[in-house]
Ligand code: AMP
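Coming up is one lone chain in structure tokens, specifically the form predicted alone.
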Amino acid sequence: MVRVIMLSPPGAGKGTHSRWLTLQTGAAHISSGDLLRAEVARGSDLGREVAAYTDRGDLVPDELIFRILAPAVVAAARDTGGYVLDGFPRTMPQALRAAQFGADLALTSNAVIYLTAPEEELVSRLLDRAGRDGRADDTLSVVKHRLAVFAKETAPLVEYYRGRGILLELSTDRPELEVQADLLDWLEARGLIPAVGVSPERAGPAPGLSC
């Protein structure tokens, strides 16, 4: 079963392509952003700590994020055998800690999908989403700050995962079906999903996946 990390700047399509990939593989979609927002919405002490960072567009500290994400990853592996991890890790310390966590539990990621798009396109998408979905955290100043944080903190992960030989870099500044076709081809070539020759329009989990 695939154990995939989706890595990208805000607005490049992590959520869209993560959800699509779960339909192709049957792996669980774990969105760090969704989990964090749910914790904030619950109004728990942990949620209030998280909100203090996300309201500014800053990264949530490692200890907080692991307290929320680690149980979700373990549950996903137990229930589906794999995962599509959307939005985590975002820093090198998180990546190294996640790698150790995965090694300890035999849940090491076997693919990292790095989605890219020009900055002006990312800003446009995020502002459009703010108007459409009422996302209060997607103001212009916060969007620009989040992109700057990504460039500083998260971009170095690209070379780390490329060095591990598990990175696929894809531009999303093109039709979604083209991105998805390239993604399927790469996963099939690595033996992570069966090479069944089905187009990206397919909508159901691929049968017969093995670890």
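Values in this document were obtained by computation on a predicted structure and should not be read as measured data. Heads up: residue numbers just count along the shown sequence, starting at 1.
Quick note: we don't show the form predicted together with the named molecule, though the next part is all about it.
Visitor: Residues in which of 103-111, 70-78, 116-124, 83-91 have heavy atoms within 4.5 Å of the named molecule in the predicted bound form?
Guide: Among the candidates, contact is made by 83-91.
Visitor: Test of understanding: in the predicted bound form, would L36 fall inside 4.5 Å of the named molecule by heavy atoms?
Guide: Contact with the named molecule, yes.
Visitor: Closest heavy atom of L167 to the named molecule in the predicted bound form, within 4.5 Å or not?
Guide: Answer no; every heavy atom of L167 is more than 4.5 Å from the named molecule in the predicted bound form.
Visitor: Does the named molecule get within 4.5 angstroms of any non-hydrogen atom of H17 in the predicted bound form?
Guide: No.
Visitor: Even though the named molecule is not shown here, does A181 get within 4.5 Å of it in the predicted bound form, heavy atoms only?
Guide: Because no heavy atom of A181 falls inside 4.5 Å of the named molecule in the predicted bound form, the answer is no.
Visitor: Counting non-hydrogen atoms within 4.5 angstroms of the named molecule in the predicted bound form, say which of L157, I65, V143, I30 makes the cut.
Guide: Partner contact (heavy atom, 4.5 Å) among the options: I65.
Visitor: Select from the listed residues D173, E49, D58, E153 the one whose heavy atoms reach within 4.5 Å of the named molecule in the predicted bound form.
Guide: Comparing distances to the named molecule in the predicted bound form, the residue within 4.5 Å is D58.
Visitor: Considering only 121-135, what residues come within 4.5 Å of the named molecule in the predicted bound form, judged by heavy atoms?
Guide: If the 4.5 Å heavy-atom criterion is applied to the named molecule in the predicted bound form, 121-135 yields only R135.
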